[in-house]
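Just the one chain here, the form predicted alone, laid out as C-alpha cells.
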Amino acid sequence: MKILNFGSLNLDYTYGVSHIVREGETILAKDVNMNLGGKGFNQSVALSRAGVPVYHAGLVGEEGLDFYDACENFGIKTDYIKTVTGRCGHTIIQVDDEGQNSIVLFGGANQKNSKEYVDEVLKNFEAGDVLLLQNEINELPYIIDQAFAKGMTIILNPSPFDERLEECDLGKVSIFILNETEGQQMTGMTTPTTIVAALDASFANAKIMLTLGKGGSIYHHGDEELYQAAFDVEAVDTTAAGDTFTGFFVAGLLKKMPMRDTLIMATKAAALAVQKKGAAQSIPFMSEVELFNI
C-alpha cells in the first residue's frame, strides 16, 4: 500500500504583527520570514515525520525549485512533483501576539494541474493505495473521480472551503478531516454535535474527524464516537496546527493504531507545532511526540 498526497506547494510569507490587520488599517510588521509551505506540503512533512513514506504530487513555479531538495530532506518522495512556467503558489500570513493567524492564498502553479498530468500521476497507483487531498489545487473533481475508479481510499481535508467543492462527488470520500469552520460551511450547522450529525447523515459510510482548536476534536464513524481534549500549551504560531494534526492522524490510521491512541498522538503533535514559529519547520518528529507529556 502506498500513500499519495496530491497537494499544494506554496511559498509562505509570514509577518509578525501585534494584531490581525482590520479593514482600512495599515500596521507595521515586527518581522517577516519566507518559508516553504502549502497545506499539501505541510501535510506531507507531517506524514513523513510521523514515520509514513509519502509520495507528493503537485506543481511548482520557476522560483519553487527549492521544494525538490526540501522534500528530499524531509523524506518526501518527489517522483511526481513537476515544474511549470509562471509563479509558485504563495501565501501572505499574519501571525499576531497570541499566535493566531490570518492567511491570504494565491494559487499560482497549484491551479495549473491538467487532466493529463493527473492521469500521468495516478497510473502509478492502484486499488488499496491511499490518496490525501486538500482544496488548494485545481482539478479536484477529476482527481477524486479517477482515484475512486481505481479503488483508492480517498481522504479529504476540505480546506479552504469554497464553491469549487460543490463540483466534487464527495460521496466518494472515505475520510473527512476538517475544522469547525469548514464543518459549519459544509453543513450550515453551528455546533460540533450538529455538524457531526449532518455530515454523518450526508456521508454515512465516511469517517469524520472534526477538529475544534482549543476545544479538542471529535472522531465519528458509524456507532463509534470519541472526543479528545486539546492539550493546554502556550501557542506561538497556529499556522500548521491543522496540517500537523492531519498528517499524524492519517499516520495513525495507516499504522492501524487504536483510534484513541491515534487521537492522542495527533493532538500531541499539534500541541508541539503551535509552540514554534513557522509552518513546516514547526512540525515535530515522532520521537518528540512520544516524549511529550503534559
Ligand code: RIB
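Numbers follow the displayed sequence, beginning with 1. What you are looking at is a predicted structure, and each value in this text was computed from that prediction instead of being measured.
Omitted from view is the form predicted together with this ligand, to which the following refers.
The contact residue chosen from Val130, Leu156, Cys88, Ile93 relative to this ligand in the model of the complex is Ile93, the criterion being a non-hydrogen atom within 4.5 angstroms. For the marked spot (Ile3, Asn5 and His56), a heavy atom within 4.5 Å of this ligand in the model of the complex is absent from each of the three residues.
Although the partner is absent here, Thr239 sits close enough that one of its heavy atoms falls within 4.5 Å of this ligand in the model of the complex. Proximity of Asn42 to this ligand in the model of the complex falls within the 4.5 Å heavy atom cutoff.
Not displayed here, this ligand is approached by Ile103 to within 4.5 Å at the level of heavy atoms in the model of the complex. A residue is said to contact a partner when one of its heavy atoms sits within 4.5 Å of a partner heavy atom; Gly247 fails this definition for this ligand in the model of the complex, lying far away.
Picking from 33-41, 265-273, 58-66, 225-233 the stretch near this ligand in the model of the complex, with a 4.5 Å limit on heavy atoms, gives 33-41.
Heavy atoms closer than or equal to 4.5 Å to this ligand in the model of the complex belong, across 1-37, to the residues Asn10, Asp12, Gly37, ordered by sequence position.
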